[in-house]
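We begin with a single chain expressed as structure tokens, specifically the form predicted on its own.
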């Protein structure tokens, strides 16, 4: 590819360890105490970052942050209360994060309030509330973008999508066992994938990258065993994902290893969406 006018080539080619190194970076991860969030928080800490874990339960966030590994002497972890479903409170919550951690370089929008009602039973109020996750994700993303512009520094924003933002679910995977995958969840996650593209296009000039990480089936231990077996049969890899299998992906998106990547949806689904 021709070199653009005024663009200088790097004098040093970064090594793989350098590209994935998050030493000196501060990551804010919402919902960092859950099944997948805790694995991603550990990954970011293991890569050298200082990690701010947030949860609606402050003691739970503090305990999760205290348990994170520290690579080197500079990393410090914090646990704070934050509820992205209360957008009017996010300005103050983000200010508390910056006050405590010193700054924010990377945002992982992972917090999620589950919905048990499927398309046969969900109410209008429940559906609307579920879509409010997208509002919270956007407000937090904009706060990080504005903060990055103010301090004239880069930022990486990662939104959590889902394979169910790309495809419908199989009715026979749930029938007779539990409620179907909620229609509001599919609507939400599809919107988050599209929001990723839109924000990336507008914020690239600010040095702010926006990407989406979409997990496939990563059921927690409490998931019905019969449903898990049905889902396994639908997968090319014939098994469920394990939480640690998102660790490499989140570090890749957060770090300079993906420095020329924005507006993309990275799908980790065992091949579910391949057929």
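Residue numbers count along the first chain shown, from 1. Everything numeric in this text was worked out from a predicted model, so none of it was measured.
The same protein has a further form, the form predicted together with a small molecule, not shown here; the description that follows concerns it.
Residue 60 belongs to the set of residues with a heavy atom inside 4.5 Å of the small molecule in the predicted complex.
When contacts are judged by a 4.5 Å heavy atom cut-off, residue 118 does not count as touching the small molecule in the predicted complex. Using a 4.5 Å cutoff between non-hydrogen atoms, residue 146 does not count as a contact of the small molecule in the predicted complex. When contacts are judged by a 4.5 Å heavy atom cut-off, residue 77 does not count as touching the small molecule in the predicted complex.
Contact with the small molecule in the predicted complex, defined as a heavy atom within 4.5 Å, is made by none of 100, 155 and 255. Contact with the small molecule, judged by heavy atoms within 4.5 Å in the predicted complex, is confined among 118-126, 67-75, 104-112, 200-208 to 104-112. Checking 93, 85, 180, 167 for any heavy atom within 4.5 Å of the small molecule in the predicted complex turns up a single hit: 85.
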